[in-house]
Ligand SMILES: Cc1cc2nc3c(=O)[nH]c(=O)nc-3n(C[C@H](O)[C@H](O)[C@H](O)COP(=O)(O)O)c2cc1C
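Just one chain follows, in the form predicted on its own, and it is written as structure tokens.
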């Protein structure tokens, strides 16, 4: 049996952002259950030129990103909640996936997509998570039933050693990883 391939997308221009670390936590949970993964964090997303649909040429970084998503069985997208919306860095990467429009599996078609939002407040968490769900639906993907929202104003998601800080968050990450793998297995 071929291991499911799960791609993570998320982060900010700040190295080690809580959102990027949360996406990595979900990827690690899928790996523990047999998946292979690839992460496109803040550094990789920052290297992507602004998406311009009229440009036929793509940079090496853009081609590498699109090819990884094209091959993915499942995806994890994480965004900070900036003023109730998806960050420009993450949205630019998602917009680049317009290059999948003519594929047999258009955009996220048939792929499980786990969503993670970190924000300094529950309102920003909820609104941003809903925005991501709408994007994934529009791109023909299947958002996992569990979306992870971390209110960084009330909760530090990580302990000093870098592990997830509490049992509730560990359960959410494990559940989302299981849902991604379940749906990814159904579409193979």
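None of these values were measured; they are calculated from a predicted model. Numbering follows the first chain given and starts at 1.
The same protein also has a form predicted together with this ligand, omitted here; what follows describes it.
For the options 45, 135, 29, 119, the one in contact with this ligand in the predicted complex, meaning a heavy atom within 4.5 Å, is 119. In the predicted complex, this ligand stays beyond 4.5 Å of every heavy atom belonging to residue 74. When this ligand is considered in the predicted complex, residue 104 lies well away from it, no heavy atom lying within 4.5 Å. This ligand is not drawn, but in the predicted complex it has no heavy atom within 4.5 Å of residue 114. The closest non-hydrogen atom of residue 176 lies beyond 4.5 Å of this ligand in the predicted complex.
Checking 138 to 146, 48 to 56, 120 to 128, 35 to 43 against this ligand in the predicted complex, the stretch whose residues place heavy atoms within 4.5 Å of it is 120 to 128. Of all the residues from 82 to 117, those having a non-hydrogen atom no more than 4.5 Å from this ligand in the predicted complex are 82, 83, 84.
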